[in-house]
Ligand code: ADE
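Before any questions on how it binds or moves, here is one chain, the form predicted on its own, in structure tokens.
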């Protein structure tokens, strides 16, 4: 990091997160309490609970987590406590990815969304982090199921539900862009913002499909676009934002931080944001992730502020809320300058 930036400064910086999964953000203590409450066996020893042999076992673990949450009180508490923890990190706004397929053991989409929204509303009423939902498809779903989710989103408009996502193991599922293109077109036609996991378990071809077939507003991960110079040029030219999750990539993709392509993306003019993906499973916070990125890229305070503004601009909330987030950042910077 540059001399004018450190982790204390980053901790106090008003932050925005656009790529975080609720399923991977539930503290271990809460999981153990719920498992005991409902008599569920752990999938392995506590000390190895977060050890996975690939994305498949990781996704199965997310199914187990969501299967522990069974009552409306459980669900609302999960959402509220999520917002409270983010508030402690000075996160002003977060778009939270929730994949209903992980919750299908005990929850209909109606009940799931109602419970989460209730928890987020209670948190917002108390001045905690403003959390919005990105409902996500799983790549192994059918095109009919995908359109069913979009139809539900159109029929159940809510300001706390701001967009459509898609995640899952691209490598195992194979090419899925053609299967989901119509659902994404329907969402886009209804004014629903869209994002897609791509360029993680898939290579650059996944990013091309996300842009050309799904026509998303932004990309989650997208780091393997660095393998294709033409794709890098397009991302920069079209100002497509990549929601990068450095630590997550180091666990699943790159054996060392020196091999991560983040600096190459930035040098190519690609717009990136800083995110955690699954913070509880990875043992990180947004502040620690910011510090790691700032150290890798040699960022100054000016770079951090510019990236925060870029993140706000890429959010799926309305323009009024974006202006409020920019003003909150302005206030913090002005207060900081007045104290010098």
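Just so we're clear, the structure is a prediction, and the values are computed from it rather than from any experiment. Positions refer to the first chain, counted from 1.
One more form of this protein, predicted in complex with adenine (ADE), exists but is not displayed; see below.
Participant: If you check in the model of the complex, is residue 163 within 4.5 Å of adenine (ADE), heavy atoms only?
Facilitator: Residue 163: no, not in contact with adenine (ADE) in the model of the complex.
Participant: If we define contact as a non-hydrogen atom of the residue within 4.5 angstroms of the partner, is residue 167 a contact of adenine (ADE) in the model of the complex?
Facilitator: Yes, contact at 4.5 Å.
Participant: With heavy atoms only and a cut-off of 4.5 Å, decide whether residue 30 touches adenine (ADE) in the model of the complex.
Facilitator: Because no heavy atom of residue 30 falls inside 4.5 Å of adenine (ADE) in the model of the complex, the answer is no.
Participant: May I ask you to state whether residue 278 is within 4.5 Å of adenine (ADE) in the model of the complex, using heavy atom distances?
Facilitator: Close contact exists here: in the model of the complex, residue 278 approaches adenine (ADE) to within 4.5 Å, heavy atoms only.
Participant: Please determine, with the chain shown alone, which of 82 to 90, 265 to 273, 206 to 214, 246 to 254 has non-hydrogen atoms within 4.5 Å of adenine (ADE) in the model of the complex.
Facilitator: So the stretch in question is 246 to 254.
Participant: Are all three of 62, 197 and 221 close to adenine (ADE) in the model of the complex, meaning a heavy atom of each within 4.5 Å?
Facilitator: So, yes: the whole triplet contacts adenine (ADE).
Participant: Work out which of 49, 55, 296, 34 lies within 4.5 Å of adenine (ADE) in the model of the complex, going by heavy atoms.
Facilitator: Only one option qualifies, and that one is 55.
Participant: Could you list which residues of 26 to 49 come within 4.5 Å of adenine (ADE) in the model of the complex, counting heavy atoms only?
Facilitator: Contacts from 26 to 49: none.
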